[in-house]
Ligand SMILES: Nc1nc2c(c(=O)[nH]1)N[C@H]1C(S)=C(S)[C@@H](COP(=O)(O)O)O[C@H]1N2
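In structure tokens, one chain follows: the form predicted on its own.
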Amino acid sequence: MTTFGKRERSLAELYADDAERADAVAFGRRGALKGASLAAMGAAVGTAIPFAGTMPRGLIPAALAQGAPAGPRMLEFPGKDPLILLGDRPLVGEAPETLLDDAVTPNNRIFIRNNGQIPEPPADADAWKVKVEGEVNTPLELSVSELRSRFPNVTLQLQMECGGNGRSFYVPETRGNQWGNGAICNAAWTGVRLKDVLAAAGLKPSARYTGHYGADPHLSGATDRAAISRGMPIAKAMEEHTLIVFAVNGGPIPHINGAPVRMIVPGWPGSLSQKWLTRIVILDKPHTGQGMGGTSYRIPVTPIVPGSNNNGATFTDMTSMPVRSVLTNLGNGSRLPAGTRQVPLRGAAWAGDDTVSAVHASVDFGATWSPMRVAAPANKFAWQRWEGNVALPSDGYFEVWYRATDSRGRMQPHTAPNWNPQGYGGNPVSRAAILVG
């Protein structure tokens, strides 16, 4: 449209450039979509909006909230399905939610999260050694072959999730890779229990924390500091699902995901699951390695002003990850045939140290919610699959909203909670736009 020689931007263009202004234009003073505003919004999303009356003001339509029309940059990496490229130095790739439709995540769909450079693959994976030292009676140096033969082997489905999963949902934007919900996998890991290895080393009474080290060089090339080196309380190290692993899904771990040996610390930030593991140090006080202290993997104990500077002195370490869900059979922007009135949904949900007690879905912008069926986990710390159906009254534009509730009654909130400078813990209700007919 042109007025006085100037072309007016469409609502879709305005949402892409200035979402706040677009919202004011669309909803006006009365805060409801009617008349020309409703027609403009329908044009922006590509069809009529049957539940426009319950669409909240301040909500950017999911169909318009994904940035450039071309979509995200994709990463083509050997042995991987196309991942969303979040960074190339270090390399970071997120799994789209529709790639997480397997009950057990295959190797080609495990996300990539690096903190430094990628080390060279070893000539002999079985000869790779891991040291255990510090507050132990008998320091150990064990090859992968010795780990496999000396200790009971276990295979468990375990969730591994980046601590920054959901970071892109924070407003204002925070530092770090702008993850959606796809920094998660639920693979079948094979290895040995860390507690068995520590028992062989003999923990001293002073053993209180761990510190982990890997072979990945610092991004700068500096040899006097680690790319990342985090640690945890000894109680989590002694939890029977915390593993040193040397296989995944019945075969070798992909090198990009930490081969030949890594840790898996399920339910807690994935940065604890050290890749290319070389050394575990047992300490009498909290570890001070790269990625510890300050605002690194730490969240406010009391709320802070969003967007404010904070050195994290009063923060606490992030431990159990928050409840979250993904929708895996429909992607944002899916188009369904005209006349579709029942839509099957399925996905996965998890809750850190806890389990998921319920999943609900809505197609009327949260005015009503339908319960989904939630399966039990394969074992503790495995995610839980869910499925169900939602009914649609007509053709048009809809948003599937989905949320999980954990075993302690905590539900995914409508906005990312507890803003923090590094964007940890962002687990709001997720949305996917669908167009019918």
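Since the structure is predicted, the reported quantities are computational estimates derived from the model, not experimental observations. Throughout, we count residues from 1 along the sequence that is shown.
The following text describes the form predicted together with the named molecule, which does not appear among the structures shown.
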Examine Val144 and determine whether its closest non-hydrogen atom to the named molecule in the predicted bound form is within 4.5 angstroms.
-> no
Quick one: is Glu97 in contact with the named molecule in the predicted bound form, heavy atoms, 4.5 Å cut-off?
-> no
Hey, in the predicted bound form, does Trp128 get a heavy atom within 4.5 angstroms of the named molecule?
-> no
Residue contact check: Val323 to the named molecule in the predicted bound form, 4.5 Å heavy atom = no
Among 262-270, 338-346, 98-106, 315-323, mark the stretch whose residues have heavy atoms within 4.5 Å of the named molecule in the predicted bound form.
-> 262-270
Do heavy atoms from each of Asp196, Lys236 and Phe381 fall within 4.5 Å of the named molecule in the predicted bound form?
-> no
Sole residue of Phe365, Tyr209, Phe169, Tyr297 within 4.5 Å of the named molecule in the predicted bound form, by heavy atom | Tyr297
Contact residue in the predicted bound form, chosen from Leu156, Ala361, Leu140, Ile112 - any heavy atom within 4.5 Å of the named molecule = Ile112
Pull the contact list for 241-278: residues with a heavy atom within 4.5 Å of the named molecule in the predicted bound form, in sequence order.
-> Ile256, Asn257, Arg262, Gly270, Ser271, Ser273, Gln274, Lys275, Trp276
